[in-house]
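This document opens with one chain alone, in structure tokens, the form predicted on its own.
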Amino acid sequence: MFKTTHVALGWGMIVVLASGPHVLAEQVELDVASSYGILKSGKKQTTWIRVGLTGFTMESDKERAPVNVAIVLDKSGSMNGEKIERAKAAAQDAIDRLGPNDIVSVITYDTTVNVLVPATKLTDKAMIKSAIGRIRSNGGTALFAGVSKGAAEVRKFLSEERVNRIILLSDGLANEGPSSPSELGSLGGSLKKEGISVSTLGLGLDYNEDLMAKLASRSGGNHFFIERATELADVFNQEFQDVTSVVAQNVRLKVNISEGIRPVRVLGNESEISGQTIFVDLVQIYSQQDKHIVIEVEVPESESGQRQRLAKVSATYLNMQSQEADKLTGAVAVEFSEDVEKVEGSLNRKVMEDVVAFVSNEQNKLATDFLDAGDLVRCAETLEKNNLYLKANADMYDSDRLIQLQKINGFQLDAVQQRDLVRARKDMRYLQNSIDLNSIEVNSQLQVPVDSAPAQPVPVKK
């Protein structure tokens, strides 16, 4: 049974009602807002709606939900040396972050798959760390089978009350069993329906970033590009920080666009549009994480002084603190005016900052398409235009976040111009996934230059 609370009104209007004799636990916050509270009257136009959920603050580690995690490690021959040693050390450190109520399994794979530690309560850390320490690299890369076996271990203790996650580390191309991004994406989509997300850690420059990013995004997990093995410990630490800070899961948004308003597109998390209704599965929300989508809608001509509701929103999720199903509802409306100053004065900068981030992300994906087609000039041109777009909007909205995204696009432009294409492409997929899934931290691996001398620059059309 759903428990609902909270009331707030305004242009970004939230209405949430309380019911039942519950002790109120902290709740996720729902925010529904439009890019302008007042639209110009007398013309058909498009505008943006932002729907966001913010995770409440988890005050201490004692409040966290238990986790059920499978660590799936690539131990193929290419992992030999520093990579496998760093991976083992990072996995062992991660074990130390967990407690006796958590479930852990460890799976290794090369040409075949081995369940090194079957899913078990974490009562003997020394035994598990010792088993990890004995891993030796050898053989091919049966990635699909490794993830499938990890899922089988997670299913042994699958529960809504736990955070169910597979953490996959690989440095190479999947060359045993199903190995296409679509096949791994389908696997990720199936696991998401079971309540299992997959985070993928791509190590080095030889892994398939499309496959790893697709698997993570379809399942609702994180994707990381880790160029250097020395960074593994930090990334494992970040991933386990996320896993142990989940405050809500099974998060589902339903947005009903008002009759007469036409939904144009949804940017951000993967969505399903059915007529006037939009469904979005956000999977999980971390403590203090802001997860959101933006929706472009076409609004018909209206007279000055009229008021129009754009959409009603409901969000359902399992509160990991109270272990109760919560429901939030909200709505957003606009007014119309012929006064241009009133229209401009109603601009919501927070909404526009997120719209710009998502729109620039679509341009980054377009640049990747040009890169894949071998059209480096148009790839660089698209990144350059995107850089200028982000700079202009960062200045307009005084946004540190957009400045950070502009810097990352600039790093990628430099890499393309220097024909450092493998690194550039991996960084682009990493960025795209991070923005679409509202990662708390968005970084670039291109901030650190490679040692090798750059090749001839690619000319950019002016």
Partner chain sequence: MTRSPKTLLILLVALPLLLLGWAGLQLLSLEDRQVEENVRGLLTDRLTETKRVLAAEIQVKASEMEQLTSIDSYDVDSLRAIVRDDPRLFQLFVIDPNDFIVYPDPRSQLNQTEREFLLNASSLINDRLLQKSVLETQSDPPDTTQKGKTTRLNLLSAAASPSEIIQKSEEKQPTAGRWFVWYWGPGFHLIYWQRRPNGYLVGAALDRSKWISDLIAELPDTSEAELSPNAAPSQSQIVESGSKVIYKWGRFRPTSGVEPSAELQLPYPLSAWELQTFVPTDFVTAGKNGVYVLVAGLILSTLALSGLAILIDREYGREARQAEQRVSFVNQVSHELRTPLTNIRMYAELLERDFENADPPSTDSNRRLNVILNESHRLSRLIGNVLTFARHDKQSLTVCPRMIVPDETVVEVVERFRPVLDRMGIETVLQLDARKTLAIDADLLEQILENLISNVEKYACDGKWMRIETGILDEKVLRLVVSDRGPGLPERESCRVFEPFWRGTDEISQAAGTGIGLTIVRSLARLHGGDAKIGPASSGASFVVELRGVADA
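Positions refer to the first chain, counted from 1. If you're wondering where the values come from, they're calculated on a predicted model, not measured in any experiment.
In what follows, reference is made to the form predicted in complex with the partner chain, a form of this protein that is not presented.
Although the partner is absent from this view, residue 252 contacts the partner chain in the model of the complex, with a non-hydrogen atom inside 4.5 angstroms. In the model of the complex, the partner chain lies farther than 4.5 Å from every heavy atom of residue 119. In the model of the complex, residue 286 stays away from the partner chain, with no heavy atom inside 4.5 Å. At least one heavy atom of residue 148 is located within 4.5 Å of the partner chain in the model of the complex. This chain lacks the partner; the member of 297, 152, 135, 359 within 4.5 angstroms of the partner chain in the model of the complex by a non-hydrogen atom is 152.
A heavy atom within 4.5 Å of the partner chain in the model of the complex is found for exactly one of 290, 183, 231, 85: 183. Looking at 241-249, 378-386, 172-180, 323-331, the stretch with residues near the partner chain in the model of the complex, meaning non-hydrogen atoms within 4.5 angstroms, turns out to be 172-180.
Residues of 271-291 that come within 4.5 Å of the partner chain in the model of the complex, judged by any heavy atom, are 272, 273, 274, 275, 279 in sequence order.
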